[in-house]
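Have a look below at one chain only, the form predicted alone, in structure tokens format.
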Amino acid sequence: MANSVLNVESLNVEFNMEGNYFHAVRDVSFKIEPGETLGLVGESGCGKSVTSLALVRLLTQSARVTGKIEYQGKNLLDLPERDMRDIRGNEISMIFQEPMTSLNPVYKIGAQISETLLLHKDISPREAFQQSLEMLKKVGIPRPEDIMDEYPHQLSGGMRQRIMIAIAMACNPKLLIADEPTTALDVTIQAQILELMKGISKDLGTSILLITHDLGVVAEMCDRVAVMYAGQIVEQGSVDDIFFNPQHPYTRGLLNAIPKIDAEQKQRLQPIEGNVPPITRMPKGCRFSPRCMHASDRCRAQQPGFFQVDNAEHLSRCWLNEAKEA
């Protein structure tokens, strides 16, 4: 098998709050293979976006990041900022959650795409302009020549998201990190954006880390899935493993909360009771135990490690899986 594009091992992110450090992400490990799409899913506040920002070293100074983020044999956490700038936006690109706040409102679209190319490639402004125009065509922007001369506020949400994808893909990165790329888009535009991302991955061989809370998007886009809760990955495996043989109670809860098209008309959804704990008050033992109907005294006192279920790729962080370990 080819070397992984990204290999994350024991990633920890702590934030300094009034002199004390609190874990927002704890002991997170995963790999992304060439051309693969990995979905990172969970409720809001589970640490998904913090994880993505840690990968490209865009967290605030109050954050302390430890562990290993290996890319092409180098630990990104050890690189000087100058070297990291060469990788960020060039070899590893990111689509942020809200395109309106990610695009600069006072610069035209053409200038914003060209800036990425001029920063990372040895080309002239004219060549950058032409390549920017080609990127707009690739992402399906109508009348691209006119759009190059417009400002972000003149475009719809779907158009702005396509611009963000164009900027992210301008340098043909090996890895694209997409943080909720379809948030606030209607279902038609959402489908178009997902189809666009799938096409880019297939045509260019780009690996994707897709961060979302929408399991429908995961089923459509991903090869493998990592389920995150309260700063930890609690289950990971193939899409089939997660959707057809979920093992962690949290994963089952997420799936049970999805409306089913073949359900009886008055059938109620099954929400997960309670909320994700704040990082300042993480429970002892299993972090999901206060919301889990299967929790025992052991769960509340002792945190489980990963257990293999069915195959070496399907892992679950739950004491219930100890007896099932493959």
Partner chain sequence: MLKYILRRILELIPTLIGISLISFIMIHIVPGNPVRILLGNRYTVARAAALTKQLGLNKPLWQQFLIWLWNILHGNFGYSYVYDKPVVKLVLQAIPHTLVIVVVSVMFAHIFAVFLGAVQAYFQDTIFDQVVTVINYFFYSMPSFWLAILLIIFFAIDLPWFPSGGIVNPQATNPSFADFLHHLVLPVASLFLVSVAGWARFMRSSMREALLQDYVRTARMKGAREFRVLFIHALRNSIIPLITLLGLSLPALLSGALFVEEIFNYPGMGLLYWNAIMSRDYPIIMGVTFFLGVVTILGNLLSDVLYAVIDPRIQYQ
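Keep in mind the model is a prediction, meaning the values are calculated, not measured. Numbering follows the first chain given and starts at 1.
Although not depicted, the form predicted together with the partner chain is the subject of the following passage.
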Can you work out which of His213, Arg252, His120, Lys138 has a heavy atom no more than 4.5 Å from the partner chain in the model of the complex? His120
From Arg143, Arg126, Arg85, Lys74: within 4.5 Å of the partner chain in the model of the complex by heavy atoms is Arg85
Given that the partner is absent here, state which listed stretch (128-136, 243-251, 86-94, 215-223) has heavy atoms within 4.5 Å of the partner chain in the model of the complex. 86-94
Contact between Asn104 and the partner chain in the model of the complex at 4.5 Å, heavy atoms? yes
Leu53 near the partner chain in the model of the complex, any heavy atom under 4.5 Å? yes
Lys198: touches the partner chain in the model of the complex, heavy atom cutoff 4.5 angstroms: no
Can any non-hydrogen atom of His153 be found within 4.5 angstroms of the partner chain in the model of the complex? yes
Between the partner chain and Gln236, Ser289 and Met293, in the model of the complex, does every residue show a non-hydrogen atom at 4.5 Å or closer? no
